[in-house]
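The chain that follows stands alone, in the form predicted on its own, written as structure tokens.
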């Protein structure tokens, strides 16, 4: 094999390695920023704290995100996208019981695994969404209206009770995100201990039973 062939493969591999390193650094920074923004708010979060949480030099954070607002919006959009994908099961052709059950399951699991992201979102909304109001008016409104349209079809087809679609979505959001946003309260009322795997499974079962029994019509 000619020598230049080996060199070509070696040089061709460099961009891919750089891409992987970039993706790894971005993920590390965004994950760290999620924690710092949740604990300190936008104003209290600093590049130094984010760099310390990510265990990388502050210059690295500044290199990828020279503006703190861009990093903040990236964190908010990331958790929104994760929640949006969680609702992929809410489609007209799917069983309402399975679709809503899967959605509740996934949202509770995200409250378990991504509590800081939920708190960042909650803090932003409580303050009147000073930084991501445009995102709410555009993306969230469009997403919500599409889910409402599906629920209205289910109602028209007699597959679920004639409930207010918005009230149903708001109920699911508030219940599932409570376990993240009020995690300290949950832990305190649980004897100072975080939920065990068994407790999380029981929570999912109970929440689904309470919501679905009031929404889904029994099969004839």
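Predicted, not measured: the structure shown is a model, and the values here were computed from it. If you superpose the two forms and keep the largest set of C-alpha atoms that fall within 1.5 Å, you have the rigid core. Positions refer to the first chain, counted from 1.
Only in words, not in the display: the form predicted in complex with another copy of the chain, which the text now covers.
At the 4.5 Å threshold, heavy atoms of residue 173 reach another copy of the chain in the model of the complex. In the model of the complex, at least one heavy atom of residue 137 sits within 4.5 Å of another copy of the chain. Although the partner is absent here, residue 152 is not a contact residue: none of its heavy atoms lies within 4.5 angstroms of another copy of the chain in the model of the complex. For the chain shown alone, residue 144 is a contact residue for another copy of the chain in the model of the complex, at least one non-hydrogen atom being within 4.5 angstroms.
Three-residue candidate spot 31, 63 and 194; no residue lies within 4.5 angstroms of another copy of the chain in the model of the complex by any non-hydrogen atom.
When you look in the model of the complex, the only residue of 127, 74, 95, 81 with a non-hydrogen atom within 4.5 Å of another copy of the chain is 127. Applying a 4.5 Å heavy atom cutoff to another copy of the chain in the model of the complex picks out 177, 178, 179, 181, 182, 184, 185, 186, 188, 189, 191, 202 from 177-204, in order along the sequence.
Comparing the forms between the shown form and the other one, the C-alpha position of residue 116 differs by less than 2 angstroms, with the core used for superposition.
Once both forms are overlaid on the rigid core, the distance between the two CA positions of residue 103 between the shown form and the other one is under 2 angstroms.
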